[in-house]
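As structure tokens, the next two blocks hold two forms of the same chain, structure 1 and structure 2.
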Structure 1
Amino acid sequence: MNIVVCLKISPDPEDLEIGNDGSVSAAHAEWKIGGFDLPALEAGVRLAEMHGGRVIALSIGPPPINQSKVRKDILSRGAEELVLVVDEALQDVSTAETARVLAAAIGKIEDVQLVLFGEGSADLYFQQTGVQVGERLGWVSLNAVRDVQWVEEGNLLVQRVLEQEIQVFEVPLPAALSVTSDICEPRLASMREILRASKKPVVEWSLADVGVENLSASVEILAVQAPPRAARKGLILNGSVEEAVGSLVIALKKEGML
């Protein structure tokens, strides 16, 4: 059985640059796996370790996703193979088109019984792709999954956390599940796994390879503007702790913050 874990590779938000005019640029940002996807990868690897199976990582996007550092980071965390669908047309595509391409790629991989997603992407966090992929595949599809346990051949016990309740389902395979960040703690790759990662297979497909044509226009991403920088007040509070706290409260009230 193959377990596919879908990962979003995108510019690291910590590397964003803010210009003097407040513009935000990712031109020099390092591309990396989104933090919400790492627990999904770990959950897939744990299921494979406990019950057998093979974990295949899958990502789609423009050419910058295909970097040796990114490939090694993914494969050192337990995935046995990495599949990349790379095309310039995949820059800023909608969640619907993302799901279309992912579903087509999953259909090209043999014996897939389970597909895992993070709760959302690190850049846009729309939380839609996993459910849409499941619908396209015609599989059971759930989001907000906090725990996945193997019940028996062909069935999973899934715990789903909503705002006011916890739901428990016995889910038949194949299934597509979007897991929350607290499902498990992602592992840190050992030196042995980092060295082993370079020997694992990486498959690169084009849109034509997965049978996808005529992508709709990419989503227009509105320009992001950083808030104006405020000058520091330089307020120094003297006196005892009680006096300083009182002065701070008065100052915050004057600023309209209390």
Structure 2
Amino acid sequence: MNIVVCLKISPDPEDLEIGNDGSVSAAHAEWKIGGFDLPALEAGVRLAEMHGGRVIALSIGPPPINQSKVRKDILSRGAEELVLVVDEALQDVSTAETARVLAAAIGKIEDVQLVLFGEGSADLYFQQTGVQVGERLGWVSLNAVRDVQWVEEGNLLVQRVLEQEIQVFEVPLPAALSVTSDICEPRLASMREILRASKKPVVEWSLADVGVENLSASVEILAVQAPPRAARKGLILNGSVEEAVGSLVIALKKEGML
């Protein structure tokens, strides 16, 4: 049985450059696995370690997603295989297009019983893709999943956390689950796993390979701008710790905070 874990590889939000005119550039940002996706990968690997099965990582996107550092990062964290759907047309696509391509790719992978997603991508955090993919596959699909246990062949025991309550379900397979970022702590890859990673298979598909044609946009993006921010004073208080603290207390008094 295969467990697919979908990962978004995107420019690191920490590396965004904001221009004086409010423009936002990710041109020099490092492309990384989303921080909310790592717990999903870890959850998939733990399930496979305990109950058997093989974890296949899946990501789609424009050519920058296919870099050796990222591939190694994914494969050293317990995935046995990496499938990438790479195409220029996947730059800045919205959730409908992403879900369509992911569902098509999952359809091409044999014997998939479970697909896991993080709670949201690092760059967009729309929290939509996992749910949409599940529905497109016609599978049971849940979000906000905090715990997954294998109960018996073909069934999972799943805990979901909402704003005010916890729900416990029996979920028949196949299923698509979006997990919360506190489902488990992602492991740090060991040296052995890092060495092993370079020997694991990486499959690269085009859109045509997964049978997707005419990926027409469902949303038009008109502008990307830095959000309006309150102007901050940016004062660094110098001197010894006592002096700096003294200046701070005077400043906070002036602000009416003390």
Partner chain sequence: MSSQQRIFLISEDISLIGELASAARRLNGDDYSSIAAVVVGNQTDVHQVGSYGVDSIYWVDQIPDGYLFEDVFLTLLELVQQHKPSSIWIGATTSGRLICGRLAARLDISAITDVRSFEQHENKVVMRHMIFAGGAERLERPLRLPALITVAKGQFAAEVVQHANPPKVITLPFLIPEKRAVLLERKDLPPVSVNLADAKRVICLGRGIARQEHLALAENLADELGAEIACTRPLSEGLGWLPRERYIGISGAYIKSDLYIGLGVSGQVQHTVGITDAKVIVAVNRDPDAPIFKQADYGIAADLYEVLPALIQAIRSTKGA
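This is a predicted model, so every value here is computed, not measured. Throughout, residue numbering runs from 1 along the sequence of structure 1. Just so we're on the same page, rigid core means the largest C-alpha set that superposes within 1.5 Å between forms.
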Eyeball the pair and call it: which is the form predicted on its own? 1
Ala208: after superposing the rigid core, is there a C-alpha shift of 2 Å or more between structure 1 and structure 2? no
When the rigid core is used for the superposition, does Lys199 move between structure 1 and structure 2 (threshold: C-alpha shift of 2 Å or more)? no
Spell out whether the Cα of Ala27 moves at least 2 Å between structure 1 and structure 2 when the two forms are superposed on their rigid core. no
Once the two forms are fitted on their rigid core, how many angstrom does the CA of Ile18 move between structure 1 and structure 2? 2.7
